[in-house]
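In structure tokens, one chain follows: the form predicted alone.
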Amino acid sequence: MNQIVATMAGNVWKIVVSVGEKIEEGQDVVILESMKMEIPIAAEASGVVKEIHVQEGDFVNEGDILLELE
């Protein structure tokens, strides 16, 4: 099981994948907003989205789990 984590603190601006979706390595899965900048978070591995741990508007810290792949 792979986890995708936040690389920095910020607000979850947009979630661009859904549970059950097949994603590829390098594909953007979540966009964070910090200091008026949009920071895309990309998958580090290919897989299927098993669970999304955040919602749009949530605040996350660096290292927080955003979603899990199977």
Partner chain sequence: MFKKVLVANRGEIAARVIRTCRRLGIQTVAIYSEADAASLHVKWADEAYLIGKPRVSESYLNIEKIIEIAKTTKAEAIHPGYGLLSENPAFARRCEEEGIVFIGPNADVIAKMGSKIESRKTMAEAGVPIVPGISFPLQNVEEAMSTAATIGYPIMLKASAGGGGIGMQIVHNEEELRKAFEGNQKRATSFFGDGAMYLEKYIQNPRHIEVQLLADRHGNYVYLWERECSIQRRHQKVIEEAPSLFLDEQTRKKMGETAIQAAKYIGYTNAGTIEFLVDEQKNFYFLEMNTRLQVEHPVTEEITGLDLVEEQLRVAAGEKLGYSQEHIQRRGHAIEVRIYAEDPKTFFPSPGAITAFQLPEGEHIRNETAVQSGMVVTPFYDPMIAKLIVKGENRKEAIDRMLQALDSYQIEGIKTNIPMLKEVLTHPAFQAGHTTTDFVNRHLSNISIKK
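Numbering follows the first chain given and starts at 1. Nothing here was measured: the structure is a model prediction, and the numbers come from that model.
This next part talks about the form predicted in complex with its partner chain, which is not shown.
Its partner chain in the predicted bound form: contacted by all of Q3, V16 and E21, heavy atom 4.5 Å: The answer is no; none of Q3, V16 and E21 reaches its partner chain.
is_contact(V48, its partner chain) in the predicted bound form, heavy atom dist at most 4.5 Å: Residue-level check for V48: no, no contact with its partner chain.
Contact label in the predicted bound form: I65 to its partner chain, heavy atom within 4.5 Å: Answer no; every heavy atom of I65 is more than 4.5 Å from its partner chain in the predicted bound form.
Heavy atom of D28 within 4.5 Å of its partner chain in the predicted bound form: Looking in the predicted bound form, residue contacts with its partner chain include D28, since a heavy atom lies within 4.5 Å.
In the predicted bound form, E44 touching its partner chain (heavy atom, 4.5 Å): No, E44 is distant from the partner.
Stretch 20-35 - residues with a heavy atom within 4.5 Å of its partner chain in the predicted bound form: Read in sequence order, the residues that approach its partner chain (within 4.5 Å, in the predicted bound form) are D28, S34, M35.
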